[in-house]
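To begin, one chain is listed below as structure tokens, in the form predicted alone.
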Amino acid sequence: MAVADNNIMQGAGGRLALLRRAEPVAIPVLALVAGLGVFGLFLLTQGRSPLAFMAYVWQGGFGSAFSWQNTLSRAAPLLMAALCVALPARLGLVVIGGEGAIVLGGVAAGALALPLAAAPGAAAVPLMALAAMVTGGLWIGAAGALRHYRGVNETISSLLLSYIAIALMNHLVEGPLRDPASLNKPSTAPLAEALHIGDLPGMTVHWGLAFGILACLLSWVLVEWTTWGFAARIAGGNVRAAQVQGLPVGRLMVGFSALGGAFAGLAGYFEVAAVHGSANASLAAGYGYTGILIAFLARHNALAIIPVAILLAGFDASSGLVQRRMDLPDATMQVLQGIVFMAILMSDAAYGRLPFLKAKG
């Protein structure tokens, strides 16, 4: 009888452990489905078919080899922008200023390209990437420092820093760094041919995708398998307890924020070196804001960011086809992102409360 009771307890314990593992995946997926459902109702009010919308999204984002390569190219900056949110979030910080780190990283790379135009690519390319990462890291690291040392809300400060960064970029590319030859679209001087970043072998997707995936893998190892990541998770769960235990909470906040900003700055570098060929206003493409949605959908898990970023990049890649075929305005995808983001935020209330994710007994 005791053996049977023990088996029942082990079975219940195993089921509870399985449900605990399933909940962080099931709830974001349900929130995404709910968001798509609400967006479907929105389409119906516009006289459009939700099923036709999804069919065009599939066709434009994942339906062919060309669609896939277009999707993966757009996923590259999203991977690194999402890390700018996810890494500070492990310490309980809500940093939403990745857009600023992206544009300033791109400007730093574009500005450095001019004095390095005659340098060998093998030396100049790493320097440009490093300049972009340092610039992004300092920008977002400042938000972490303000939070810890002065008690400034990091959400507000990072958002304001993002606006400042975009204004600073516009000032620089239209003023001191402007190439006189860029008449209709103010830009820095075009990068020398040796400073351009090419595509991955056999694909029309630039190397930013590989570096974005590598950044996610390294971030996951940092958080899950290192003492710094363990300390960050403790501080994120309870700052007071972490301080009592003597953990360097301040350095963790600044360090993880700076690392996230460095990845966002690297995204800006690839936008300049692999996409635009110079720094200009196109750097402010909204990748930083989409990265917020991706990080929340992935529950700030660096590994989960990879498939989520590809999914949302597919939505973005299909937007042109959807708008043409369904005669929808440009802001349609932004409406979808806003609805999904609201669904994700509201889903936080569902943790531990969904009946089918509770152990019976």
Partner chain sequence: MDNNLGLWAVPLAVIGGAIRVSTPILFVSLGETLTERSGRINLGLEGTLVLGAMTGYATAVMTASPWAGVLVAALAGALFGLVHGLICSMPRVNDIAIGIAMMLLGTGLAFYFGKPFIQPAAPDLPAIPLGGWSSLPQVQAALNINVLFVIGIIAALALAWALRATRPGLILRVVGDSTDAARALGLNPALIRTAATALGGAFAGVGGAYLSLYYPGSWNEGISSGQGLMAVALVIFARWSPVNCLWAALLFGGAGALGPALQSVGVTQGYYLFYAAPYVLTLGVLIATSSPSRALSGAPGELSITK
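Positions refer to the first chain, counted from 1. Fair warning: this is a prediction, and the values are worked out from it, not measured in the lab.
There is also a form predicted in complex with its partner chain; it is not shown, and the following applies to it.
Chemist: Only one of 196, 206, 148, 276 gets a heavy atom within 4.5 Å of its partner chain in the predicted complex. Which one?
Modeler: For this set of options, the contacting one is 148.
Chemist: Which residue among 214, 119, 114, 167 has a heavy atom within 4.5 angstroms of its partner chain in the predicted complex?
Modeler: Result of the distance check: 167.
Chemist: For this chain shown on its own, do 152, 329 and 341 all sit within 4.5 Å of its partner chain in the predicted complex, going by heavy atoms?
Modeler: Yes, the whole trio is in contact, each within 4.5 Å by some heavy atom.
Chemist: Within 4.5 Å, heavy atoms only: does residue 58 come near its partner chain in the predicted complex?
Modeler: It does not: once its partner chain is placed as it appears in the predicted complex, residue 58 has no heavy atom within 4.5 Å of it.
Chemist: Wondering, does residue 334 line up within 4.5 Å of its partner chain in the predicted complex on heavy atoms?
Modeler: Contact check for residue 334: yes, within 4.5 Å of its partner chain in the predicted complex.
Chemist: Taking 4.5 angstroms as the cut-off for heavy atoms, does residue 157 touch its partner chain in the predicted complex?
Modeler: Answer yes; at least one heavy atom of residue 157 falls within 4.5 Å of its partner chain in the predicted complex.
Chemist: Report yes if any heavy atom of residue 46 sits within 4.5 Å of a heavy atom of its partner chain in the predicted complex; otherwise report no.
Modeler: The answer is yes: residue 46 has a heavy atom within 4.5 Å of its partner chain.
Chemist: I need the one stretch from 214-222, 67-75, 170-178, 255-263 whose residues put non-hydrogen atoms within 4.5 angstroms of its partner chain in the predicted complex.
Modeler: Correct option: 170-178.
Chemist: Residue by residue through 286-324, tell me which have a non-hydrogen atom within 4.5 angstroms of its partner chain in the predicted complex.
Modeler: Residues within 4.5 Å: 292, 296.
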